[in-house]
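Have a look below at one chain only, the form predicted on its own, in structure tokens format.
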Amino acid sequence: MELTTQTFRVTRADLVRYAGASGDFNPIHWNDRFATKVGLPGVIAHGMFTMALVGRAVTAWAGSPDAVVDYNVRFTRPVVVPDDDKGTEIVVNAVVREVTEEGLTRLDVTATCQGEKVLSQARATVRTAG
């Protein structure tokens, strides 16, 4: 069973807000010149911000934040955020891998940006309502 696709827009303004909240002011998250100098294609979103957006999708599917029992990802590709008003989009999908007798649902999660997977081995376990 496939769950409803969720899409999250990410702009440079989002990166500034996340940097303020997290304290992560690494210039790769706001300075194109620095990001390209260190070999990146441009400014990239914070990995934990990307993970949080995908986690928001998992929470929506679960119906409640406390229904999320486990959530793990590996970062495979950076989310490049252009310096414009549109930003970029992270598209999140999930497929139910298993429903256990204990009332847990295991999800295989996919997150893409510009058609490229940005997370691998993204999995979540949620407590099934009822």
Partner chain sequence: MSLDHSFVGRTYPPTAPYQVGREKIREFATAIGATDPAHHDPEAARALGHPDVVAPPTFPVAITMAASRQIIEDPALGVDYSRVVHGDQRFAYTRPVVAGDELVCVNIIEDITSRGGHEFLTTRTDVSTTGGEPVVAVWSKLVVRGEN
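Positions refer to the first chain, counted from 1. Everything numeric here is computed off the predicted structure, so don't read it as measured data.
This protein has a second form, the form predicted together with the partner chain, left out of what is shown; the following refers to that one.
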Point to revise | Contact at 88, 95 and 117 by the partner chain in the predicted bound form, all three, heavy atom at most 4.5 Å | key: no
Check your understanding: Does residue 52 make contact with the partner chain in the predicted bound form, using a 4.5 Å heavy atom cut-off?
Key -> yes
Practice item. Look up in the predicted bound form whether residue 38 has a non-hydrogen atom within 4.5 angstroms of the partner chain, and give yes or no. Key: yes
Practice item. Decide whether residue 75 counts as a contact residue for the partner chain in the predicted bound form under a heavy atom distance cut-off of 4.5 Å. Key: yes
**Study point:** 4.5 Å heavy atom contact, residue 108 to the partner chain in the predicted bound form
**Key:** no
Study note, to complete from the structure: Of the residues spanning 16-33, the ones with some heavy atom within 4.5 Å of the partner chain in the predicted bound form are 17, 18, 20, 21, 22, 24
